[in-house]
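Consider the single chain below, provided in structure tokens and representing the form predicted on its own.
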Amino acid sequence: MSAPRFHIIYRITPDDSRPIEAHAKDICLEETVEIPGDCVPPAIWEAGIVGQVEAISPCPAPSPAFDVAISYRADIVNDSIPNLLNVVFGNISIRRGIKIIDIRLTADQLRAFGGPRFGIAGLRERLGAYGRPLAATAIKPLGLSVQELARLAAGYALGGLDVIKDDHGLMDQPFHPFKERVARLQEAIRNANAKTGRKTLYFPMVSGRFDQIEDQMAFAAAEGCAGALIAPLLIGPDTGFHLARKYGLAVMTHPSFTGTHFHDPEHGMTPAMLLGRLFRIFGADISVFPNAGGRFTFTPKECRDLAIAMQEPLGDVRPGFPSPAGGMSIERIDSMVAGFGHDAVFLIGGALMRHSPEPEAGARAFITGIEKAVSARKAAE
């Protein structure tokens, strides 16, 4: 009986005159045995250890690219995030003209990686918020005192925001150290929740040296935080997901340090595959990404595809929330509702500060904007 295999679709833009079959074979060898084909023992070929080309399709003219489906034995990865990334896009990430456009894991792999611990349904149940997008903001800027950061958190919670996260630059700096900051902000949000009867959730940024990260996760859980904000490519693509699961925390992912995958249209991974499918498979309940029309350069299609990747049926993996961000404002809520529907976490940061110096007023305007946009959409339907 042959071993189960998973499939990756690479869009290859040849950079020399060799046939596409030669480029595809290069990937099969490089990502597995890493030796010339004529050096591979027959038993290794027969066992299917080397990647196998399953299909080659030319892209529509005038593109010179080809979509190449390659399968790998699932047990080479052995249900390990680092192993999976190494096989999918290890050495060949250093080559040019190779872009991952689809990742199809086996049902057993999906179950092993686990996906979101809470997902859309779990976070909605915890919040008691249904029938609308969730409203989130980031506590910022870097350099404020802990007392001022806590004042902002309290105001945003009193104003009714669903999720408050640290700005990803807030780590363990001496002017607002992690434990003092997290304890004070969580206390401020807890007190605001007691006043309003609502449930605002806090996601502190977990980032630091390897010997600090687990202590930070454990502290956040002990303080009653709902989840953790992690940047998988800063702390390692496995570390944050594993520790969040260990301590029962939801995960919000941040795209810091992922950008080189997206800037070259012929190389890297699509945002949907990295920030959507992979982060979701690994355990992201909420995936933050730069929405089109903001400070960054994602296209509307890339954003739609990412949102689909966070929510489309995927074995037993729960759907997660896409979180469009990066220069969003209250004035854009209508278009965001039209583009992403109800199952999204809208993240507005600096624009709330610009809207009002009082965080509670900014938060109320944000929630009101979402409610009006949802009502208008329902009326139009």
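All figures in this text were calculated on a predicted structure; none of them were measured in a lab. Residue positions are given as counts along the sequence shown, with the first one as 1.
This next part talks about the form predicted together with a further copy of the same chain, which is not shown.
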| request: Name the stretch: of 194-202, 180-188, 231-239, 126-134, exactly one has residues whose heavy atoms fall within 4.5 Å of a further copy of the same chain in the model of the complex. | output: 231-239
| Considering a further copy of the same chain in the model of the complex, which of I120, L85, V146, L110 comes within 4.5 Å of it through any heavy atom? | L85
| query | Which one of I330, I27, L314, V33 is close to a further copy of the same chain in the model of the complex, taking close to mean a heavy atom within 4.5 Å? | reply | V33
| Touches a further copy of the same chain in the model of the complex: R104 (any heavy atom, 4.5 Å) | no
| Do I44 and a further copy of the same chain come within 4.5 Å of each other in the model of the complex, heavy atoms counted? | yes
| query | Is R151 a contact residue for a further copy of the same chain in the model of the complex, using a 4.5 Å heavy atom cut-off? | reply | no
| Counting only non-hydrogen atoms and a 4.5 angstroms cut-off, does P290 reach a further copy of the same chain in the model of the complex? | yes
| task | Between 285-304 and a further copy of the same chain in the model of the complex, list the residues on our side with a heavy atom within 4.5 Å. | result | P290, R295, F296, T297, F298
